[in-house]
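In structure tokens, one chain follows: the form predicted alone.
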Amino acid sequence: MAEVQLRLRDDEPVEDPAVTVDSFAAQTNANAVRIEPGDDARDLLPVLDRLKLVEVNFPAFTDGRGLSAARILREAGYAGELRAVGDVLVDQIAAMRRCGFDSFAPDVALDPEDARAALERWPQVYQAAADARAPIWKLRHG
């Protein structure tokens, strides 16, 4: 999985803007898609090889459905950029990273140092996840 891109605000234009999951199938040249709450990420599994960017929208920090979408895509082999957009809080980015996000474009800019600290806060983890970090028990017992 790629290194985390601390694009903490989406100020850089995307070459090919993301289209909705529903309209993606009809687009022959689209390579970016945006998953909204309620969309089923599994609808994208047959076309993962066409995608270079998947944006997952978090309209409210309390809506965790996007975390499941990220995990589904990473476990299915998606290797492109997976960007969390919307109401993304600094307290969430470590968990989002574990689910497979590698870039973040929050509605409200995050302090880069706070974001880095959040991503580095826990050097060890207890369970396997999409980020492929080895759980501490596996490190202890080979």
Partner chain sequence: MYRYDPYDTAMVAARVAEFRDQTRRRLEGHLSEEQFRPLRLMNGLYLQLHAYMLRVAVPYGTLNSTQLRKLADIAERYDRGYGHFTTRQNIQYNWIRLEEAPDILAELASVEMHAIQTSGNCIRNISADQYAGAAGDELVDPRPYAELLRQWSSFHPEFTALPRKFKIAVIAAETDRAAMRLHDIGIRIVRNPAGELGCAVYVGGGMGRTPMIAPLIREFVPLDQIVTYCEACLRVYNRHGRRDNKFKARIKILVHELGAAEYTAQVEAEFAHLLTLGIEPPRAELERIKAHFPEPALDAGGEDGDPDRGDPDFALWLDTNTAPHKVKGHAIATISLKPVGGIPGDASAEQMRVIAELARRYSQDELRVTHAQNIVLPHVRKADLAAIWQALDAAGLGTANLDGIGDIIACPGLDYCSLANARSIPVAQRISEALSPRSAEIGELKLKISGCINACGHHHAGHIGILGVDRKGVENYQLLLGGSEGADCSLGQITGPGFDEDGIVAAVEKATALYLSRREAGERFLDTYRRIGMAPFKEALYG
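Keep in mind it's a predicted model, so treat the numbers as computed, not measured. Residue numbers count along the first chain shown, from 1.
Just so you know, the form predicted in complex with its partner chain exists too; it's not on screen, but the next bit is about it.
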Run the contact test on Ala30, Val54 and Gly86 with a 4.5 Å heavy atom cut-off to its partner chain in the model of the complex and return yes or no.
no
Give a yes/no on whether Ala18 approaches its partner chain to within 4.5 Å in the model of the complex, heavy atoms considered.
no
Contact of Pro59 with its partner chain in the model of the complex (heavy atom, 4.5 Å):
no
Even though its partner chain is not shown here, does Arg42 get within 4.5 Å of it in the model of the complex, heavy atoms only?
yes
Though only this chain appears here, would Ala128 touch its partner chain in the model of the complex if you measure heavy atom gaps against 4.5 Å?
yes
Can you tell me which of 22-30, 46-54, 78-86, 93-101 lies within 4.5 Å of its partner chain in the model of the complex, counting heavy atoms only?
93-101
Just give me the residues of 65-80, first to last, that have a heavy atom within 4.5 Å of its partner chain in the model of the complex.
Arg65, Leu67, Ser68, Arg71, Ile72, Glu75
